[in-house]
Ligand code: ADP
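Next up is one chain by itself, shown in structure tokens, the form predicted alone.
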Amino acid sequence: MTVLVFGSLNLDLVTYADKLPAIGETIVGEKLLRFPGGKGLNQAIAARRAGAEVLMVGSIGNDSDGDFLFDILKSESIGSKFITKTAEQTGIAVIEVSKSGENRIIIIAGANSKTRFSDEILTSSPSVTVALAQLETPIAEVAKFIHKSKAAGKITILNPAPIQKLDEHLLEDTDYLIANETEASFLVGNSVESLSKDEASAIAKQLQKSGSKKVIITLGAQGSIYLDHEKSLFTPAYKVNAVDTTAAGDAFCGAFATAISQGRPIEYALEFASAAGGLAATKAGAVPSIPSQQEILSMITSLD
């Protein structure tokens, strides 16, 4: 079964330092590295490495950075027939990472702003069972993708990052909404960056009232909260030595999409995703940190 990812492709410029600078502060960094990234590409690779067949819809620039990212798709065996080249520069993300693994990110959309949905994407891809999107591409196109995918009988997953206001129709067409603490809080009109399990459960209920069917709120080192109309689940995080949390959320989303595409129970999908997210935090960079299916399964079985 295939996971169809609608999303961004970026070149990540990652700086490392002991701490993140305060406003107006200049600090000395340790190094600057270049990685393939973008939430769409990260999640596509995460789903592929977790065991799914993957197709990606996205846009890159007609430049060397775009060529680099296109080669990454090929090397990861991700279907690229819906990747288009544009006159815009390839998307860029500037990422600051502290010694404790915290990060801050600035994104220049570039070619990602030209990503468009067409009906041909779904009609020519009958093997697709899960449609996964984020918000680093135009939200109107994301809404079309989710709506058309839902109408075609696909399982739809939305990761509302970067934070934006969501139309209630988009929420209604989304089968699984996966948000972190900050995103979930923003979607209900709050500005809290850290949530307890009880607070996350309360916000999940508010999101359900707004139209979300199944809500997952990731809580970093605590784990995740899941809520649907029948059950509530808490999945604890795996204890890891965090080095760089940049792609941990993307690894979670991609692995979760893979498990759902395989018809796995929600309890297993959440545990599988939690292991993937934890492993991703143990290595530097976005794409280089995303774990394989075997690494995920080894972490799960090591604690059984």
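In this text the structure is predicted, and so the values were computed from the model without any measurement. Residue numbers here begin at 1 and follow the sequence given.
The same protein also has a form predicted together with the named molecule, omitted here; what follows describes it.
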Margin query: Counting heavy atoms only and using a 4.5 Å cut-off, do 237, 252 and 278 all touch the named molecule in the predicted bound form?
Written below: yes
Which of 47-55, 256-264, 270-278, 60-68 lies within 4.5 Å of the named molecule in the predicted bound form, heavy atoms considered? The stretch 270-278
Partner-free chain; cross-checking the named molecule in the predicted bound form, the single residue of 212, 149, 137, 218 with a heavy atom within 4.5 Å is 218
Check your understanding: With the partner left out of view, is residue 33 within 4.5 angstroms of the named molecule in the predicted bound form by any non-hydrogen atom?
Key -> no
Quick one: is residue 110 in contact with the named molecule in the predicted bound form, heavy atoms, 4.5 Å cut-off? no
### Message
Although the partner isn't part of this model, could you tell me whether residue 223 comes within 4.5 Å of the named molecule in the predicted bound form, counting any heavy atom of the residue?
### Response
yes
Worksheet item: Hey, in the predicted bound form, does residue 41 get a heavy atom within 4.5 angstroms of the named molecule?
Response: no
When the named molecule is considered in the predicted bound form, the residues of 175-198 having a heavy atom within 4.5 Å of it are 180
